[in-house]
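A single chain, nothing else alongside it, follows as structure tokens in the form predicted alone.
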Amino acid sequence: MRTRTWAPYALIAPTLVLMAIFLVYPIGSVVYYSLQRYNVTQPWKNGFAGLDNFKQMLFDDPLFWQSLAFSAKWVFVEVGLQLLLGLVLALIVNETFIGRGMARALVFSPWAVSGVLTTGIWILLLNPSTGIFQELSNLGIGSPGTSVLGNPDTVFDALVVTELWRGVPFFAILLLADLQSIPKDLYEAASVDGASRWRRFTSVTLPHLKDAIILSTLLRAVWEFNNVDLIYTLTGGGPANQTTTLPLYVARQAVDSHNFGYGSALTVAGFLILLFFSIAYLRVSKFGSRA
């Protein structure tokens, strides 16, 4: 009986150990360092700081609030547009037409490209000397040497378009998989009842896609909030910190300035924000319910 009682725990023990190593320990380390003054360039100041890092972050660091506001704007715009365009693409490639397989491959291909390659492609495309805007100026459209990434009025739009190219296929893939699981009988019954195409979409398609939409938007919101590679490579957070997100600000503090204590405090703040948002979003959206 004792062997039977302990057998399940013995089987899951390796998984628990790995979770402790790769999840619990890093989180605990970040929380610990967030309570320390730990800057390798100023070792004589290192020591226990208590909540001083958090006080500095909340009351003496306007760049924290600026980066947090831009992160919220970035997530809202990106996830909203990616969901809308991904849903449209999923509905299109779910139809039967000649060349559908090729169309699906083209739609999904950007998702297979790594972040580094994506930024490399768009750096070349948006290059003011050799990119698309230079080619347009050669045709008499626009002015030569246009730098959309260096202009405060256009940099956000340029980043949005770049990330849309990479992020839309994620929604298209997930939503297409769910679309294909909807029973055809539901559409046939709705057609017999005289429902229009729009009514079938709102009464049959969208309710069935509800959980897929909630889960995909939550995952993508977390990923976009933590997006560093694309923004760092294209703008570095500029011009004038205009495109600095909270994770990018963390990287500047911890990696560039070697201020690991304050960088850890910023990381803890970001973690708590995402945790609260995820719990609230799942509760408000009633994920998993049939209502």
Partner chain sequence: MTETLGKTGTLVREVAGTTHAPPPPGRRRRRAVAEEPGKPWMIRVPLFLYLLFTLIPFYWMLVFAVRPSGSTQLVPWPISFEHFDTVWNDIGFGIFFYNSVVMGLGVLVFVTILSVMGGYALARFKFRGQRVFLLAMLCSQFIPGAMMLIPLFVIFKGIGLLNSITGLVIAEVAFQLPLSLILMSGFIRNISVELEEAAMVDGCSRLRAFFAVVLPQLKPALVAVGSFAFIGAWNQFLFALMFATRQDKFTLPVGLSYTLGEFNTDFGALAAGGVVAAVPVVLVFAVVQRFLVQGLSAGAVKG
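Positions refer to the first chain, counted from 1. Basically, rigid core = biggest C-alpha set you can superpose within 1.5 Å across the two forms. Keep in mind it's a predicted model, so treat the numbers as computed, not measured.
As for the form predicted in complex with its partner chain, it is not shown, yet the points below apply to it.
A heavy atom within 4.5 Å of its partner chain in the model of the complex is found for one listed residue only; from Leu68, Val30, Ala49, Met57, this is Val30. Among the residues Leu206, Ile141, Leu84, Leu117, the one placing a heavy atom within 4.5 Å of its partner chain in the model of the complex is Leu117.
Within 4.5 Å of any heavy atom of its partner chain in the model of the complex lies no heavy atom of Gly238. Of the heavy atoms in Thr243, none are within 4.5 Å of its partner chain in the model of the complex.
Taking non-hydrogen atoms only, Pro43 never approaches its partner chain to within 4.5 angstroms in the model of the complex. Put simply, Arg197 is close to its partner chain in the model of the complex: some heavy atom of it is within 4.5 Å. In sequence order, Gly120, Ile121, Trp122, Ile123, Leu124, Leu125, Asn127, Thr130, Gly131, Ile132, Glu135 are the residues of 120-149 having a heavy atom within 4.5 Å of its partner chain in the model of the complex; the partner itself is omitted from this view. Annotation for Ala10: C-alpha shift of 2 angstroms or more between this form and the one not shown, rigid core superposed. Core-aligned CA deviation for Met19 between this form and the one not shown: 2 Å or greater.
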